[in-house]
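Okay, so here's just one chain, in structure tokens, the form predicted on its own.
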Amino acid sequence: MKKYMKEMKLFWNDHQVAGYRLPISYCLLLAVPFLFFSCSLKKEKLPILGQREMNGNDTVYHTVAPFRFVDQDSAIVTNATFNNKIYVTDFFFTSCRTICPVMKSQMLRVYEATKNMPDVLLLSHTIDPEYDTVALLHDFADRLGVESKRWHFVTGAKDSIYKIAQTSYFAVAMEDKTEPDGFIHSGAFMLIDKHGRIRGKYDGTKEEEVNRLIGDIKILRQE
């Protein structure tokens, strides 16, 4: 860009010395490549969701709290599992007959769309840990045909799962005996960056929302 600016300046000076006045249309034509180049340098950036605080001149953003769960392979899954990784997370239960089947078909789309992105993982929490054992989650993942190294289905203490849903991801996840299956939960997919910050929230039951999520993952990987 510096070389281009220098050449433009020299070209303009040469014609000024010669006493020649450039037509406006010609000047605009010369400016177009520069404007296009400048605009291309500006990358789209996703917002950072959640509360934030000022620490001196620095902004401290909301991040996902420390967690420790067990996945379908009986492996321990913690925040460290996602070090230097982007991940998409949600809440579900295997016996759900309402929105969960739709959510899982849409999360499968995310799984397929990110198969060549080694820095992107998926994390699904069961909100019915008493029924969804490790063995059952393993069978569930097998039936979906997914790899555990890319998509973790986790279980743990019920209170811990509900707390992280509500306070870290701002998602609904709780028991509700008035519901057909005894639970209520959000259909949201949350996009988490490599620093544990929420960068997007999407309706996991809607194809157009999941399309937006897939596009936002590509944007986030460029940061």
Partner chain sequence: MNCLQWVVASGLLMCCCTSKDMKFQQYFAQGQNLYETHCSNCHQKNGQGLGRLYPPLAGSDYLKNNFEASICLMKYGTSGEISVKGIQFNKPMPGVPSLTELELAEILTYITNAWGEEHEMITLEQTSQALKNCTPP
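Remember, it's a predicted structure, so these values are computed and weren't measured experimentally. Residue numbers count along the first chain shown, from 1.
What comes next is about the form predicted in complex with its partner chain, which is not displayed.
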Can any non-hydrogen atom of Thr133 be found within 4.5 angstroms of its partner chain in the predicted complex?
-> no
Does Ile76 reach its partner chain in the predicted complex, with heavy atoms at most 4.5 Å apart?
-> no
Does any heavy atom of Asp139 come within 4.5 Å of a heavy atom of its partner chain in the predicted complex?
-> yes
Any non-hydrogen atom of Val102 within 4.5 angstroms of its partner chain in the predicted complex = yes
Quick one: find which of 81 to 89, 68 to 76, 117 to 125, 103 to 111 has residues within 4.5 Å of its partner chain in the predicted complex by heavy atom distance.
-> 103 to 111
